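Read the single chain below, which is given as structure tokens and is the form predicted alone.
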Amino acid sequence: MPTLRPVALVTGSTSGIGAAIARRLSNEGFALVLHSRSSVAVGQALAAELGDAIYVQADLANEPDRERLVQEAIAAWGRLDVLVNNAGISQVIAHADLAAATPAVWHALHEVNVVAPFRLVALAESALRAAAQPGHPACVVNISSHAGVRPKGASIPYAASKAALNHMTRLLALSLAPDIRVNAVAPGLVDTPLTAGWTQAQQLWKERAPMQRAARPEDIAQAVAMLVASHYLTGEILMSDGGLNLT
């Protein structure tokens, strides 16, 4: 079903940051391709709520699923203007517990947080280039983490995967310009059901962050929308941690 509206594929978009990004881009006139690994009913309900949206289930650790996701996204609307690589996985491991950071943990996090975003960009490249117009490039936004910039994070493998995603963002910005811009948003703590019990982190942001609170999913969605709306910015890692990195 070809559309004249710009189209955005947002991975991991059935809850939290991803759902907020999908809603924001929908409100700004995009047709959406929603995705998750397992929450099919939620994804289908969100697609119905947004209107010009479809939902595709895919396991991003699996290459055939990655290929199918991009194929179905392009087939649904006949074009692809924006790819938001939001889906990611984490594992909480004390940084001093080196034995717990097993090769299996490293491989699992790297596959979903680094390899999958790269492969989705590679698979979508031709469609993104086709959507680009002079002075109006297509766009990729990767959702990273402040843990990829500072020596923090749920675990060393997680932080290292986000640091790799940040560097990949810059490398792709060079490789794909001028037709495709590539940027990243690096949130700190974000208020979601997952982080509701993280009392120490919540207190840290209240006491030390200049903005005195964690981000809301809508704050990250606003940052993504800003990068999507720009026709010039590329290769940027936008720290979105309420200024905590300044302290």
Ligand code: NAD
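Sequential numbering from 1, following the sequence displayed. Predicted model only: the values in this text are computed from it and were never measured.
The same protein also exists as the form predicted together with the ligand; that form is not shown, yet it is the one meant from here on.
- Within 4.5 Å of some heavy atom of the ligand in the predicted bound form lies at least one heavy atom of residue 190.
- Although the partner is absent from this view, residue 26 stays clear of the ligand in the predicted bound form, with no non-hydrogen atom inside 4.5 angstroms.
- Residue contact check for residue 17: one or more of its heavy atoms lie within 4.5 Å of the ligand in the predicted bound form.
- Interface residue remark: residue 123 is not counted as part of the site for the ligand in the predicted bound form, having no heavy atom within 4.5 Å.
- Here the chain stands by itself, but in the predicted bound form one stretch of 40-48, 26-34, 55-63, 175-183, 55-63, has heavy atoms within 4.5 Å of the ligand.
- This chain is drawn without the ligand; in the predicted bound form, the residue among 76, 127, 87, 160 with a heavy atom within 4.5 Å of it is 87.
- Across the proposed site, 138, 169 and 238 without exception lack any heavy atom within 4.5 Å of the ligand in the predicted bound form.
- Residues of 131-149 that come within 4.5 Å of the ligand in the predicted bound form, judged by any heavy atom, are 143, 144, 145 in sequence order.
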